[in-house]
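Below, in structure tokens: the form predicted on its own, a single chain.
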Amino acid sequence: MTNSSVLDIRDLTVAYHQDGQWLNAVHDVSLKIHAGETYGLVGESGSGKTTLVLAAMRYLGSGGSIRSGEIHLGDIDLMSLTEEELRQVWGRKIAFVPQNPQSSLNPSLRVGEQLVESINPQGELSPREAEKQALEWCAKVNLPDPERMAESYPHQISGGMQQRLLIAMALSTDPDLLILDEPTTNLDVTTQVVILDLLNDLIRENEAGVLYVTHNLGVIAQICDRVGVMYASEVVEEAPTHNLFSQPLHPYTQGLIDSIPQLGDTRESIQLRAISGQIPSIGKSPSGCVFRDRCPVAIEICSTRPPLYQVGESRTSRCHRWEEIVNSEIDIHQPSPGRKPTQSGDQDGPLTLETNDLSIHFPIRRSLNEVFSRQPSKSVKAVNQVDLGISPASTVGLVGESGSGKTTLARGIMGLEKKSDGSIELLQIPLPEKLFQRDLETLRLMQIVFQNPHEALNPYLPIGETLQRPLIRLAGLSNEEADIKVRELLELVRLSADYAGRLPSQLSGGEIQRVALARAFAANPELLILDEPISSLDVSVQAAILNLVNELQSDHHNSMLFISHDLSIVGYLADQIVVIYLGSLMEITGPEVLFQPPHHPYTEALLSAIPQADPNIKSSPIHLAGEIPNPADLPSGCPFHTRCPRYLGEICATTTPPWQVDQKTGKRIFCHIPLEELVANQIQIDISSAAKP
């Protein structure tokens, strides 16, 4: 890292025009990024991160305006440039990688054409030279078979490949500043670690300054040199990464760190300290300190706006009480939830749910050519011979990459997908395979919360009516009884009674998820399936939802199937963890021994890829070769053998592995490798940072 400044923002205020007035989305923000430095920007949704990014590029929409401040890109005063002059800067000196690559790629152009356009926008290079450089960049970002990749359309490649392509497009112009807006949020941890390592290598090679926007504190801890924390339009703290994590000097920063379960945390050992309340909407921040209404140590002086205090040479904090924090005179942690940690369910009782040899295959319609040539029919083998059991009042965590069959398995259990083989039993009673074949009592006993509750709620129905329907139809209540119960359900999920009259569009993501939970619990089900219910939420909201799920299960004694690709969250919440890959189970383990060898090689890769929110712990991730295979053409032998870093040879490719049981940990592992050999070659994951107050 050099001392030269790539981006220098001074006293920047950005506002949006709403209802005849200008409302500040970014207020009095200053930051500086040097060449070769990666600067992390964190904060909840609505804190102003994206507005700051767009303003830094002078790319605000028509409703936004920079009201005051300066923006310098090296020696260039961006505020003085015309729109035509800015076009020469965008893509050349400033490159931007968004969260959703699909929205940034032209679906009608081949990948190679789009990469050539970014490399050669002015036509300085010959077509042949531009195509050559495009293939070189495909290879640089580890896209397999660059020639074939260049001929593909965006929809023909995976999300991870699309993101690598955008990174290649961004860095191919050798920009001075690279802006990354949540570039790995929607990716699996195995893909995320490949992208992050790739970024680190390319950033060092190009010496670009990097502004990395995310709410993933683990990623920040592992790749950033300095961090700025935004809340309600203001930067409330800035510090070198190691200093920020070792001693936060603002209560909001501490609240974010406390909101995430660390590796090794379980719900029996700790409760997450979620930040109370929610971030104020634009233009409605409290007077004085913007965090005052949610701060555990707010006092009278906090009613006056704090300046950005200089704390030593390289730190700032917008907190009046920073000196007391430095001297450990006050406790800035959010209050403890106050309830006893949740106890495990009855592991020895009759199972609430049991599947035996459950398979779900989708036939692929043959083309005319395949019919005439008498080629055999194929099918997508999404779930293959899965044996799963969930005990009363316990939680099973199902974890795996996208495309591993998690959601299909859940939909099969719910009767939303037809099983091809095997059986499903609820409370030891066989279930009809299709939803319409199940009676109302069975429907009452099984409920599901989907990943995106916005798609599951009727946007035209008030929340009260949404909650009334299962109460009337499944629980058999009258309209009057349902009205009373709706208020109880809203209180149960920490929402006031007036929410009954609101529409889904008037609620935040966390509030929508609470409504989805309330609707699922309305019928008092025996089994609740939660399919990635918190993956799109801020860490502070995630903590509140996880605590709520624990409390609801403790009070109602439901069994749960919790689906996620985040092993740290699954390890925290579940009584038993099931790892699935390409429709087959790979490992079954308890959370208390999750990080102890032996691991299935796939589980080992997932664990190694988790970015820990501690910059002192440097992970050594295992990079899996290639992409997850097409489930329509499953590998023979072990499903994982095509990507396995511990591949033994022909036996893995031709022979189905046995289930092995480790006597010490109780783990069940679907693998040919002897358990003692796995123990000898695998390291125990460092979870020393897991302790919380």
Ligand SMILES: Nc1ncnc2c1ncn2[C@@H]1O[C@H](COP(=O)(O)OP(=O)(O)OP(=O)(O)O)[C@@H](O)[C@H]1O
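Quantities reported herein were computed from a predicted structural model and do not represent experimental measurements. Between two forms, the rigid core is the largest collection of C-alphas that superpose within 1.5 Å. Position 1 is the first residue in the sequence shown; the rest follow in order.
Although not depicted, the form predicted in complex with the ligand is the subject of the following passage.
S.K.: Partner absent here, but in the predicted complex, which of 27-35, 634-642, 656-664, 40-48 has residues with a heavy atom within 4.5 Å of the ligand?
M.R.: Only one stretch passes the 4.5 Å heavy-atom test: 40-48.
S.K.: Quick one: from 575, 234, 401, 526, grab the residue that has a heavy atom within 4.5 Å of the ligand in the predicted complex.
M.R.: Looking at the other structure, the residue within range turns out to be 401.
S.K.: Here the chain is shown alone; which of 407, 216, 278, 547 has a heavy atom within 4.5 Å of the ligand in the predicted complex?
M.R.: Filtering the options by heavy-atom distance leaves 407.
S.K.: Does at least one non-hydrogen atom of residue 16 fall within 4.5 angstroms of the ligand in the predicted complex?
M.R.: Residue 16: yes, in contact with the ligand in the predicted complex.
S.K.: Report whether the minimum heavy atom distance between residue 585 and the ligand in the predicted complex is within 4.5 Å.
M.R.: No.
S.K.: Would you check, heavy atoms only and a 4.5 Å threshold, whether residue 245 touches the ligand in the predicted complex?
M.R.: Looking in the predicted complex, residue contacts with the ligand do not include residue 245, since no heavy atom lies within 4.5 Å.
S.K.: Should residue 130 be classed as touching the ligand in the predicted complex when contacts are defined as heavy atoms within 4.5 Å?
M.R.: Answer no; every heavy atom of residue 130 is more than 4.5 Å from the ligand in the predicted complex.
S.K.: Within 4.5 Å of the ligand in the predicted complex, which residues of 437-457 have a heavy atom? Give them in sequence order, or say none.
M.R.: Residue within 4.5 Å: 451, and no other.
S.K.: For residue 21, is the CA shift between the shown form and the other one at least 2 Å following rigid-core superposition?
M.R.: Yes; residue 21 is a residue whose C-alpha shifts (by 2 Å or more) between the shown form and the other one when the cores are overlaid.
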